[in-house]
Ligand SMILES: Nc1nc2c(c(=O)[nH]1)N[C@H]1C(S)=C(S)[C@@H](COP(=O)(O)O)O[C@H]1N2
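Presented as structure tokens, the chain that follows is alone, the form predicted alone.
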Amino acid sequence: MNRPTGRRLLVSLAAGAGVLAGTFLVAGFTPRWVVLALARTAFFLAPDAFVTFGIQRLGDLARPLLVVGTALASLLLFGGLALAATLVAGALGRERAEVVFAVGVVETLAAFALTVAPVPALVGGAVGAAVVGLGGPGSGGDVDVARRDLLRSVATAAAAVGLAGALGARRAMGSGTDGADGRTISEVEDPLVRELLSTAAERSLPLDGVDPLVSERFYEVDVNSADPDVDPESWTLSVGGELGESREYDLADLRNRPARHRFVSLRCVGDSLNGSKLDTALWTGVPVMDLLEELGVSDEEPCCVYVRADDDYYQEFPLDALESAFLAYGTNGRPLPTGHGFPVRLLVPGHWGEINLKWITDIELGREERTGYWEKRGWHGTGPVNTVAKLHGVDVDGGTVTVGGHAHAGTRGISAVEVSTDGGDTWTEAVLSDPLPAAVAADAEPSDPSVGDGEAADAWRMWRHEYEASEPHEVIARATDGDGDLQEREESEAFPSGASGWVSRRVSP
């Protein structure tokens, strides 16, 4: 490659970086950014086997790797378009201004095709064109670029990228609905929520490296690389379908209804046998059946529920799954975080996390079954969760070994966890935490004796076992659900129906 051609290529790549930076300045880390729009397209077009590999083998790395990969692909795409437009317009004998204009048009159209967002596309195209303009495009097919023009072009692109990065960091720091807010239980404003969280803390077992009964950090899994930006003021939920009357509810409609606080655990169908995609929180919201009963829907009419979300995710499952379903708009005494479906998400106790849709917009009832998002990719995650005892905590203090973790079986509950330290020849029952409290009305008084009673319909329990050992050995854990059924022994991977099997770890005193 000769020097002039190499410089022209660098200018084109700088223009591509300018498009990425320009669209980010307007869209931020949302699906309207060209990188995330391309990532969404790539994920949609990816073969099912490739997606399954990413879920099972890459885990939490899959999402950032996809973003990084599509960022590089976007850079090459828009850099290539800038180079092609420059060379074609120059070969046609166009003047410098016309070459720059051609680059801007091509970059804008390509960005709009990916994002369907006119403003980010226009800004991205303009920045890309400006970078090319500073690079001194010639005419008549001339690709020569002076060194000073190259430096100006690259410096402009770098400035745009730096500004986009600074703006992105500022937006991240200013987000008020994402993640934990750092409050202790004593700082929670609602006294009833404070009482329930305190009860959960008191019932948690002491285990190093293991979350208490209310997770300190709740896992997130999404089909898209960025969360949708939902305006709570304009958000509505449509409930109905083909069986007659439909209604729309806004956030105020839901908040004005009698609310309940419920401890609910969620487990991802792609979670590995001893993985970490199983967590619990205290959710606040209203039962779905309250809305359906107002529409006069009976169990005899529809067979199925089709639910859609703002990020275009969808699922289908039997109507009876909604009998205990919940529309949550709060968690642990604060508004629902964006990453967990702000302003409203669906919770379906006892079922895999994939049907607990976030950013929910539609609940449609019908007489015919449809195929859900993940079912189309070969997964079977719309059924009840598998029973599992996770073994996450291992502490060795001299000859004393303490092991423990969480156990979960959906709405069946957990009746026992057993531990073997000799390869499964003998078993000892572990200590179980007391069950988390049952759901309570949000207007109940914390001093009400019924608060803290009962058992949460779908919440994990902690287990702990301490013993003496002097030689390296294998520890195995297994759970028995509330129906008396033992956790399946045969080990299987998450695909297609969720991981199962007894969990084991090697311990060296």
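Owing to the predicted nature of the structure, the values given are computational and were not obtained by experimental measurement. The first residue of the sequence shown is number 1, and the count goes up from there.
Below, we turn to the form predicted together with the named molecule, even though it does not appear here.
Taken together, V221, A309 and K358 are fully in contact with the named molecule in the predicted bound form: each brings a heavy atom within 4.5 Å. When the named molecule is considered in the predicted bound form, only one residue from L292, L197, C268, V419 comes within 4.5 Å through any heavy atom, namely C268. This chain lacks the partner; the member of W235, Y329, Y313, F101 within 4.5 angstroms of the named molecule in the predicted bound form by a non-hydrogen atom is Y313. Heavy atoms within 4.5 Å of the named molecule in the predicted bound form are found in exactly one of 346-354, 121-129, 419-427, 73-81, that being 346-354. In the predicted bound form, no heavy atom of G393 sits within 4.5 Å of the named molecule. Residue contact check for H408: none of its heavy atoms lie within 4.5 Å of the named molecule in the predicted bound form. Although the partner is absent here, G339 lies within 4.5 Å of the named molecule in the predicted bound form, judged by heavy atoms. W379 falls outside the set of residues with a heavy atom inside 4.5 Å of the named molecule in the predicted bound form. Residues of 370-392 placing a heavy atom within 4.5 Å of the named molecule in the predicted bound form: W374 alone.
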